[in-house]
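As structure tokens, one chain now follows by itself in the form predicted on its own.
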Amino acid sequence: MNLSPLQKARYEYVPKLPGMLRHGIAEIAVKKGEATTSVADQEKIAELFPNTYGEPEVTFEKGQNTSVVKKQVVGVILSGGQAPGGHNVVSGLYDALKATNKENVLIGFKGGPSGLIEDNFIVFDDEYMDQYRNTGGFDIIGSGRTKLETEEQFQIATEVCKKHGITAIVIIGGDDSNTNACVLAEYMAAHKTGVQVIGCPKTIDGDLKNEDIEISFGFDTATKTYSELIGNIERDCNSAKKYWHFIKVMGRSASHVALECALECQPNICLISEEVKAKKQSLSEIADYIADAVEKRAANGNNFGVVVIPEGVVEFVPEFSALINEINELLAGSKADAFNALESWTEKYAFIEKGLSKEAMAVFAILPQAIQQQLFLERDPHGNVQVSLIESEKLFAALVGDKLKARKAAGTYTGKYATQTHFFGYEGRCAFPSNFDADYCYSLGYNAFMLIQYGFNGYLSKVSNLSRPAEEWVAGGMPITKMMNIERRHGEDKPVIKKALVELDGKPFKYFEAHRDEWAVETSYTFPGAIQYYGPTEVCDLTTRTLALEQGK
């Protein structure tokens, strides 16, 4: 393998553990807290999870290790989209397992949850593990999006675990993956298999978050990576002084990534999906809001700027959401075949015009043709519009252009308006983890094994007090059921982990809200630069602006 100098250096980085996990394994004791309840729908969740509901939160502290000594064979699964630091969760788990007993075994199931069902695996050893420490990506075993949710899957998983003598499974994933982990844990307990299931909180979107999970791993690195790129564009923008850059960043259901990048880079405009929904803003109102900033900056001789847009913002626009619902109905069942059989866009447009309500058609008609056509691209597995395929950065660039043309025709706008569009997504998912994510993920993995060793099932590995130095971090675990509520999914009530959206009364948004009017008109750009791995602690080990504001640091 050809290694870059940075990769060689990152192999040598030694992740920092919380203070209480730095003691020898024999000196790590567990402290149990109060019994827990789910975030909502307590009776229903308790009924669905009788064997794993209501368990206490736990923390680890210095003291006598009272866990039962036995050989552990642990399976690990990477689930869902990639997030920086996943390899360190695995290496932390491996190191804790081997530090407890050299005979312990870690089995990695390949390609996500399907690897468990298909019994596709690798047994880790030192040589293999050392190739992946402190590196980005999930290529150590690969990932996948197969859901573990059927009785048949659980039976097969049980047989695979029995075959290998597996005592525990660690599932590293986001809210859906940890929901699956919770359901699997309940099955294993109900059928007295002796297999424990532990989850680890992963997602760059930042929406797996609550009073217990201060931040999901990967968010720190991804937002620092995107902020570097946005800062670079801001510098170019301020140099050329001739383009408005519209930049879409990841975040389908929540705007945490966009907000953090705005706090880091201070662009002229940043849309927050949750605010769009709360204010019931229309596409036209959003376009006017951006056009106002363009006009004010042009009056100062600044015909350039930067707009940051969260990936899923159009879903939060009420009129657009209604349009999507009508399109889904329009193309339901055999009607999709009739639509796809039409050869020209003119014929398809007539079909659409006939099938949509007057209100929906009014929204559809103002969209650029390229966006109109994107709404009729390949459906998702449920037959719905794939909103993530819509190039909302191009949509808003065009809508703002239309607004400015109208203002120019009315004689109220005399500036210039030229655009460039960007989408930053995959650029951040597999970056080398920042020091924070390298430390946090290693701690999550190490901590996950301590939960296994003490016999816990259906728990999430939890590390908190994260805005402080790692020495002061608190390690422990919480029942996954604590995060659950009931939601309507595909016509059925399902137990799921509640997604965390941007809180409009939270400190990060309030800080952004207090400064955005100034940023809209002034050129207040900041340039975060590349992720720093080496140098002063105050540069290398910074947490996100979001976490610092939330914890008042």
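Bear in mind that the values here come from a model prediction, so they are computed numbers and not experimental data. Numbering starts at 1 and runs along the sequence shown.
Note that the form predicted in complex with a small molecule isn't included here; everything after this is about it.
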{"item": "Contact flag, residue 204 vs the small molecule in the predicted complex, heavy atom cut 4.5 Å", "value": "yes"}
{"item": "Any non-hydrogen atom of residue 80 within 4.5 angstroms of the small molecule in the predicted complex", "value": "yes"}
{"item": "4.5 Å heavy atom contact, residue 252 to the small molecule in the predicted complex", "value": "yes"}
{"item": "Exercise: residue 234 in contact with the small molecule in the predicted complex, heavy atom 4.5 Å", "value": "no"}
{"item": "Answer option from 145, 405, 416, 241, heavy atom within 4.5 Å of the small molecule in the predicted complex", "value": "145"}
{"item": "Contact assignment for the small molecule in the predicted complex, among 429, 164, 348, 394, heavy atom within 4.5 Å", "value": "429"}
{"item": "Among 281-289, 332-340, 204-212, 477-485, the region lying within 4.5 Å of the small molecule in the predicted complex by heavy atom distance", "value": "204-212"}
